[in-house]
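Before any questions on binding or motion, here is one chain by itself as structure tokens, the form predicted on its own.
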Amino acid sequence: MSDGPSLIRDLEALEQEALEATADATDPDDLEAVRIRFLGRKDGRISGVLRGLGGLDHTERPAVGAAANRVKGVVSAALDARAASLAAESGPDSALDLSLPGRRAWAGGKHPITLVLDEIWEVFRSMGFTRARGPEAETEWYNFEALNTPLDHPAADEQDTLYLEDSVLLRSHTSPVQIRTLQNHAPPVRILAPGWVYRRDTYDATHTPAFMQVEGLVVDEGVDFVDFKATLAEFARRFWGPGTRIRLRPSFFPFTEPSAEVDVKRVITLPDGSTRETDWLEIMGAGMVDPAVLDAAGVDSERYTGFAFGMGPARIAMLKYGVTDLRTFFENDMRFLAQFAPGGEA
């Protein structure tokens, strides 16, 4: 059986041997082998010496334990220092795994609906329109009554409109901007009013409870249906391409008379270079401004006439980019949105 002094001598000998082996290690693998040989819990030589502590007299154990801890500390420090030295000798790029694919930095960009909204604005700006805005929290009068919509109309029902309090609501369309503009600016008026609107719609592939809308209004002396159709046809050609045609289908809106749904038929280029026309696609509702709306805004309906139109940029973006589910625009999926960033693959 070993006694205390002999175990301490064994530990000192192992210390010297371990330090020499550490200094001779030429790479991280050699150094790890030294660590296991001397400090390994199962087969480490220093650990083996410590297992002899159980056979010592209790008076000798403290001295041997202290010596063992000192040796382990010295050897561990030497191993760490040699590891740092080897890393420095191999250069700053040694830790790089050049087999990994590179990662490009994220590039920010405009949202696809914003891109479409900007494009719509540029077309109408070039035709003499100015931008107008209005509050998103509106009164019943501006949102309904001034637009020839009585409060018993289904659109004013609480099942469709988001009411706040005291007859204040979140606007369900941007048409109130028409009334506010006509109250503050005498004709001629030619405005485009983009903004958020809110409805009690179910969030699904074709509806969202909050969405962007673009309202257009032209009021002047002598504005007729020919001006109305020519303006929208010119917008369609500039936005969708020179071969685009429009179709007006009779419809009903309380604030326009006559009213129409506007469809477009586009010419698209196929991968083989040939072209074909699409089916008719609805893009907006429009019509001649009802005289009652002009009267509500304080405009002489005997002297002035006009037309108005409204469209949803998100619906336009769906057609433009071939997106089939409206929710795709609002899920913040970077794989989708990155296509529209600079250098993307939209």
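This is a predicted model, so every value here is computed, not measured. All residue numbers refer to positions in the sequence shown, first residue = 1.
Beyond what is shown, the protein has a form predicted in complex with phenylalanine; the following relates to that form.
**Q** Of the residues 185, 229, 238, 199, which one places a heavy atom within 4.5 Å of phenylalanine in the model of the complex?
**A** Here the answer is residue option 199.
**Q** Name the stretch, out of 308-316, 38-46, 57-65, 25-33, where some heavy atom lies within 4.5 Å of phenylalanine in the model of the complex.
**A** Going by heavy atoms within 4.5 Å, the stretch is 308-316.
**Q** Give a yes or no for residue 215: in the model of the complex, does one of its heavy atoms lie within 4.5 Å of a heavy atom belonging to phenylalanine?
**A** Output for residue 215 is yes: heavy atoms within 4.5 Å of phenylalanine.
**Q** Even though phenylalanine is not shown here, does residue 255 get within 4.5 Å of it in the model of the complex, heavy atoms only?
**A** Yes, residue 255 is a contact residue.
**Q** Residue 173 versus phenylalanine, in the model of the complex: is there a non-hydrogen atom within 4.5 Å?
**A** Close contact exists here: in the model of the complex, residue 173 approaches phenylalanine to within 4.5 Å, heavy atoms only.
**Q** Report yes if any heavy atom of residue 294 sits within 4.5 Å of a heavy atom of phenylalanine in the model of the complex; otherwise report no.
**A** Although phenylalanine is absent here, residue 294 would stay clear of it in the model of the complex, with no heavy atoms inside 4.5 Å.
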